[in-house]
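Next up: just one chain, as structure tokens, the form predicted alone.
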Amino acid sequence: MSIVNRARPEIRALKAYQAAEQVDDTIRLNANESPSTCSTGHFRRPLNRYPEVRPLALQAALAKRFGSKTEQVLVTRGSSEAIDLITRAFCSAGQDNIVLPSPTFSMYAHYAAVQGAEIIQVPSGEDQEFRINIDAMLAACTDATRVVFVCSPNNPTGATVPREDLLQLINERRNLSAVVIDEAYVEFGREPSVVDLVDSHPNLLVLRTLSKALGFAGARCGAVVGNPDVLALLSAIQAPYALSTPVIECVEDGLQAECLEAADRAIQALIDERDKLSQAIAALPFVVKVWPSDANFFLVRVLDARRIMEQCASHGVLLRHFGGELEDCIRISVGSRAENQRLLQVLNSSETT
């Protein structure tokens, strides 16, 4: 059974936008484009022409990067757009719900709220080392659950959900809801992607992004990997020409072999810095705990989070404080070696300690 049957009926009936035909080496008088080429920038494709409705060459390059089939990839404006598309496709306002752990990435709940869907949060508190409890998440699902979100490694805790736990969740919700595994930080961890499960699990959707490991946060490019029938629904919702020509071309260039090799070296260097920085932070007198992380950040429990945040900000170093259940915690993104050394200097200053 396809998970498409759990999508909103009005979305299943939706017809995708029919863009003007694009054929190379033709006179294009069918799309209301300007005949004058913009002189700004130097691109392989002229900016006076619309890009492809869906960038197929980029789609194929991303599929190769992720280890999936080309038809299993929908390119999106970062993984955040994918979250929005999935929520809108499956959740009817006032009727359906999403299930997610807490704490986790705030945009899952944000887009559910925008859609008018109920939000069911399953706590994974400090007493549980912030481990996501899959049994508790399954127990929280109802007949109205349409999407289950899991970020692995999780933001802001950095913890990876074991593959067998993810398989349990996907299998037990197989014909009941979409299961979205957000792998924004997977390149920094020890566990491989679950993209290889897409073929055999029709309700699985995997989110990937180029913002973290490849350093393309400013390009706003990500993808959702899933079964083509589900991606067709999401594509029908997504705006036509969603990615601009400059973005398409810069990401295509960034996916060339030499760039990916450089990215892999940068990833390993960041992992080394993460381990060194987290050990140094753990030794500070006001640090209660540093949680292990499989991401490009780590979570720290301190004695006075707000004072430390203020002290760092006054020295031009910005950290992340969430409040609420994480009131005494700070998330630290791993920077360059120089940036990390500067952070340690500030934290070791007499004003802080």
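All figures in this text were calculated on a predicted structure; none of them were measured in a lab. Just count from 1 along the sequence shown to find any residue number.
The protein also exists as the form predicted in complex with a small molecule; that form is not presented, and the subsequent description refers to it.
- Using a 4.5 angstroms threshold between heavy atoms, R88 stays clear of the small molecule in the predicted complex.
- Interface residue remark: F105 is counted as part of the site for the small molecule in the predicted complex, having a heavy atom within 4.5 Å.
- In the predicted complex, F188 stays away from the small molecule, with no heavy atom inside 4.5 Å.
- Contact between G215 and the small molecule in the predicted complex is not found at the 4.5 Å heavy atom cutoff.
- Only one segment in the set 139 to 147, 71 to 79, 162 to 170, 271 to 279 has residues whose heavy atoms sit within 4.5 Å of the small molecule in the predicted complex; it is 71 to 79.
- Think of it this way: in the predicted complex, the small molecule has a heavy atom of just one of N227, S244, S193, S211 within 4.5 Å, and the residue is S211.
- Here is the short version: of A117, V179, L234, A184, the single residue with a heavy atom within 4.5 Å of the small molecule in the predicted complex is A184.
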